[in-house]
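Encoded as structure tokens, the following chain is the form predicted on its own, with no partner shown.
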């Protein structure tokens, strides 16, 4: 599993995470929701060692990420696929070269095996193999997102981290990306963490949903538990309201639900 234990992280005077605690169980897809700037992306960057906590710890498969040597951290990263918000493809490289990048850096496969792995990954995300020789600028936004997923799964990771995978996409394309995330969980058995503002997507792909608010987990639960929540802050977010309505006002001081 992945475990965040009382993680604090500040940038100057801005304390983003203030005791963030959350367990992600093997085989599930945990969706993390929350208002902009609440630290969702900051949280998952700790998993791959891009950030280190000021206080607290992050464990992956029972190993504390912050205690790893550079070589051990690199080995951990080979088990984790990261799908960036805007795909983060290299414009000067072909699609095939983008997908193959991590495999070539590993240096474990010959070129024939890398080529086969690239084609396998593209097929898994329903991209025609003709895209292999195209440049990112020649593809639509939705197709670039799929390439980002293909690059992540080419390494055959145990974990997949998705940072706002449906941002900027139309509803039809967003639904296609949701279906891909579900398929990755079913076919590859990966454990996923999805950062999103899109509640339709969250309800579709999530095994559980956690809301990050003011640096801590406000509530975590199944899709049905989140849909039926009485917490006014969580309801405000999932209903897309600017502020709690009159009915919610008496509950405004409700205590935060602990992650469990």
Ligand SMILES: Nc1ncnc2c1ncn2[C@@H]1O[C@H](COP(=O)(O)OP(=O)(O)OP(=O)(O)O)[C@@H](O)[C@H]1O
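Numbering follows the first chain given and starts at 1. Worth saying up front: this structure is predicted, and the values here are computed from it rather than measured.
Omitted here: the form predicted in complex with this ligand. The next part is about that form.
- Note on the partner interface in the model of the complex: the residue among 232, 53, 206, 39 having a heavy atom within 4.5 angstroms of this ligand is 39.
- Here the chain stands alone, but in the model of the complex its contact with this ligand, taken as any heavy atom within 4.5 Å, falls in 40-48 among 198-206, 40-48, 220-228, 59-67.
- With a 4.5 Å cutoff on heavy atoms, residue 14 counts as touching this ligand in the model of the complex.
- Remark: residue 164 counts among the residues lining this ligand in the model of the complex, judged by a heavy atom distance of 4.5 Å or less.
- In the model of the complex, this ligand sits beyond 4.5 Å of every heavy atom of residue 94.
- By the criterion of a heavy atom within 4.5 Å, residue 85 is counted among the residues contacting this ligand in the model of the complex.
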